[in-house]
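One chain follows as structure tokens, the form predicted alone.
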């Protein structure tokens, strides 16, 4: 990423009219790899990046082993990761009330200060009631717990209406809001819960590594307009591929 920025800066010189009239600048693999070797990144910074990812994503065992092997200290108590993952798993399995109780045990202020998160948890609870066919209980819950919130917030009201619409269709596959019953909806709510807990612990809610990869992709796209160079097309392998000239 840092290399791409350096090369992008170096390639600014080709923006002259004469250069623009010619073909793109070609950077050979040898030249590119030499530039890569010239970029110095401290091992400590790389270790902190790895630890940040493990902690944020909740890989507590891996984070502990990495702490021992690298000497990199996590920014939060690793014990809190286990608690956070228990909450996340409860939401992902549809046990919303259990998740709410665990959140309150972990930090009662999280839901008190985040009405949108609490609403989405209650909405998820309604979805779970509909999923198992508890229609009367779902209607009662929507009326008593969600409707008052909808009266105060137009966005909440619209989400309530979409969720209750699931009750109208015998075959939810034909419902325009059937995706609410998909596992992806549970994962979305669980991700929101995870982010809120991390924020309450003064930790970034998103890992840094994906953001850096997005920045790398953006930088490569900028370079593509100016030069042909060995680029990374598959971030899972990190392999350089020669440009097609």
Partner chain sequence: MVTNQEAEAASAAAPGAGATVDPMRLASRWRSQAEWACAAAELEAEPAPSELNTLNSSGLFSVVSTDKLSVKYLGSHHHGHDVGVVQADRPAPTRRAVYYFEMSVRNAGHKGQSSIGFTNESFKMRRQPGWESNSCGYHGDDGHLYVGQGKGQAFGPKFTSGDIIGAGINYLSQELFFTKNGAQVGSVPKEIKGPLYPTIAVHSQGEELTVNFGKEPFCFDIEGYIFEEKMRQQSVSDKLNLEPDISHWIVRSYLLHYGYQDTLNAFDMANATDPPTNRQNGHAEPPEMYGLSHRKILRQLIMSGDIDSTFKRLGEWYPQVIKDEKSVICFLLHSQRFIEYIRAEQLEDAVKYGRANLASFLTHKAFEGLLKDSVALLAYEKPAESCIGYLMDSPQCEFVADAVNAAVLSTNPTMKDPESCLYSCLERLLRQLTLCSFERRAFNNDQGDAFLLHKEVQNYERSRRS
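Take the two forms, superpose them, and find the largest set of C-alpha atoms that agree within 1.5 Å; that set is the rigid core. Since we're looking at a predicted model, the values are computed, not measured. Residue numbers count along the first chain shown, from 1.
Although it is not shown, the form predicted together with the partner chain is what the next lines describe.
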Full three-residue contact with the partner chain in the predicted complex, heavy atom 4.5 Å, for 111, 180 and 192 = no
In the predicted complex, which of 130 to 138, 94 to 102, 115 to 123, 70 to 78 comes within 4.5 Å of the partner chain (heavy atoms)?
-> 70 to 78
Verify the contact flag for residue 61: yes if a non-hydrogen atom of it lies within 4.5 Å of a non-hydrogen atom of the partner chain in the predicted complex, no if not.
-> yes
Heavy atom of residue 54 within 4.5 Å of the partner chain in the predicted complex | yes
Any non-hydrogen atom of residue 47 within 4.5 angstroms of the partner chain in the predicted complex = yes
Proximity of residue 188 to the partner chain in the predicted complex, heavy atoms at 4.5 Å = no
Relative to the partner chain in the predicted complex, which residues of 197 to 219 have a heavy atom no more than 4.5 Å away?
-> 202, 203, 204, 208, 209, 210, 211, 212, 213, 214, 215, 216, 217, 218, 219
So with the core overlaid, does the Cα of residue 191 end up 2 Å or more away between this form and the one not shown?
-> no
Determine whether the C-alpha of residue 133 shifts by 2 Å or more between this form and the one not shown once the rigid core is superposed.
-> no
Is residue 29 one of the residues whose C-alpha moves 2 Å or more between this form and the one not shown after the core fit?
-> yes
